[in-house]
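Okay, so here's just one chain, in structure tokens, the form predicted on its own.
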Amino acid sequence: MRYLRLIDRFIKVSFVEEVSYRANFWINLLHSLLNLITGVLGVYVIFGQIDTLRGWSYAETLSVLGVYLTIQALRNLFIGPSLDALAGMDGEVWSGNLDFTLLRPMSIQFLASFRRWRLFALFDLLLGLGVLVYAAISMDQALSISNIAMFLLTLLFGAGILYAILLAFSALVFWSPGVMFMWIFDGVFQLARYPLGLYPGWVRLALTWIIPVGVITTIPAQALRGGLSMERLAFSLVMAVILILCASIFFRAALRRYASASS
């Protein structure tokens, strides 16, 4: 309950900070619309020439984009802002302000994950869910309760996988504070806009086992269209649990390398 109350305080403080600058609303709105338009236009251009691509139809590929936009919105809502404050440009590791965070009587990983919220991302979340609803309606088969349940579960597991990857990339900053590892990840995460099956074999391998961003978006889309087996559902759960545990251990190990601003 203590941590839930703290999250409530973090959200309120973040809201006050964001509404202090009205221009930010319109800038974020424009950015969100451009991100949506470019994503949908890319899928439309591809399927304007063909009906299916490696077993994926227009609506099914659009559902992958919808998952991508939804996951990206969740990242921008609280995971990204918090970790950027820690390991981003002029973040606490770089500036030395992490000293004050380490003195607080609570989990450093919790603070690094939940203390900053970007509430404008709720609009991105609505856009992503809107794309998902449109894609689901456009699919040939009707949605069943089991498909929706499996989709929600895999979406949750995908968010957990994304969190683990971001936490691990943030931890790398303790070894090389001058390297923007998040920028590197952003380039890779763009590949998750499209289904894994559309990429060559070596790319699918990398996006499944090395930096598993493809698993984050493709598996929920498979669940939505009704083509997900229980084995792949279990695979998504196991991967999420293992990656979160490993990322947490790695993050704690990275914290021990921090020498403070005064040393």
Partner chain sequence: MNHRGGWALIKSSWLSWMQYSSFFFILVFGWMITPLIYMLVWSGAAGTGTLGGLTSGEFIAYYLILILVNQLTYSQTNWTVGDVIRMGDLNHWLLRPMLPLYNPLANEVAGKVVTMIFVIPIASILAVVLRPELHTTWDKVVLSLLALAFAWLLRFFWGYWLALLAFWTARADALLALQDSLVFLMAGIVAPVWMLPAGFKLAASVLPFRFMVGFPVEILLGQISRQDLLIGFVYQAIWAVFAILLSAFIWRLGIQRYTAVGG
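These figures come from a predicted structure and were not determined experimentally. Residue numbers count along the first chain shown, from 1.
Keep in mind the form predicted together with its partner chain is missing from the figure; the text below concerns it.
The putative spot formed by Gln49, Arg54 and Gly187 is fully lined by its partner chain in the model of the complex; each residue has a non-hydrogen atom within 4.5 angstroms of it. Not displayed here, its partner chain is approached by Thr38 to within 4.5 Å at the level of heavy atoms in the model of the complex. Although the partner is absent here, Ser248 is not a contact residue: none of its heavy atoms lies within 4.5 angstroms of its partner chain in the model of the complex. Using a 4.5 Å cutoff between non-hydrogen atoms, His31 counts as a contact of its partner chain in the model of the complex. Although the partner is absent here, Ile27 is a contact residue: one of its heavy atoms lies within 4.5 angstroms of its partner chain in the model of the complex.
Only one of 179-187, 129-137, 153-161, 107-115 places residue heavy atoms within 4.5 angstroms of its partner chain in the model of the complex, namely 179-187. In terms of contact with its partner chain in the model of the complex, the residue from Leu166, Leu98, Leu125, Leu191 that brings a heavy atom within 4.5 Å is Leu191.
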